[in-house]
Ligand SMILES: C[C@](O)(CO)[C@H](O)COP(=O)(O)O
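Okay, here we've got a single chain as structure tokens, the form predicted on its own, with questions on binding and movement later.
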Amino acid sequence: MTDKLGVVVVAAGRGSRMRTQESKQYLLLDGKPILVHTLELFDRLEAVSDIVLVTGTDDVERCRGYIETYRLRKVKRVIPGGKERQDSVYQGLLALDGEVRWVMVHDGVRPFAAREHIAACLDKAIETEAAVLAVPVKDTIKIVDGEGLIQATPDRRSLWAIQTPQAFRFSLLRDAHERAREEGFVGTDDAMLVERLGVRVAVVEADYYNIKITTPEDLPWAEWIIRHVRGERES
């Protein structure tokens, strides 16, 4: 592939569900901030040409320090995010190199995406314009009303838990964000914005190790993945 691939890593949230003073992306995992593990993952991928890190205004200098300390050569810019995650992604898109033709958006606290799954997601996006990593839902899901009463039970076979990275033709994702901004629409992920343009988004099956570290219960699981899974993937 000759077209340049850019990556927007979003790490501007405060992470109140972690119940720590420090934001979740800066908590240490195996001696390094969670965010650094994530950045290293994409920094090592040959297909990636440029990474933009979007973080909180007060954390820009700290993150620039990480770039030097951990020699993250593909992280070209660290910029402050916006009010919503969607705003932060849009700022990241604007900050990417003008020659980027494909883009991935990834959560800063999701450090365990497998390289083969990232590659498969990109390949599918090149084929279809838009693709996301996901896993089948394992639990039975109930639709519950405001009074706590079950209203329906969707067929589990049609339900997938969406992950990141999500990959798109750059121009398509930019247009989707600009349309959403014009119309005052806030979506739950980037794929949702693309869907609003009438573009069908492909799902690429990943695995259950690609966790988003969000709550205290996720940290022991992340440490287990570091010890027992990551080494096998990198060998």
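Keep in mind it's a predicted model, so treat the numbers as computed, not measured. Note that residue numbering begins at 1 and tracks the sequence as displayed.
Unshown form predicted in complex with the ligand; subsequent notes refer to it.
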{"query": "Exercise: I162 in contact with the ligand in the predicted complex, heavy atom 4.5 Å", "finding": "yes"}
{"query": "is_contact(D189, the ligand) in the predicted complex, heavy atom dist at most 4.5 Å", "finding": "yes"}
{"query": "4.5 angstroms heavy atom contact with the ligand in the predicted complex for E129", "finding": "no"}
{"query": "One stretch from 198-206, 58-66, 181-189, 41-49 that, in the predicted complex, holds residues within 4.5 Å of the ligand by heavy atom", "finding": "181-189"}
{"query": "Triple contact flag R169, D175 and H177 to the ligand in the predicted complex, non-hydrogen atom at 4.5 angstroms", "finding": "no"}
{"query": "Stretch 84-117 - residues with a heavy atom within 4.5 Å of the ligand in the predicted complex", "finding": "R85, D107, R110"}
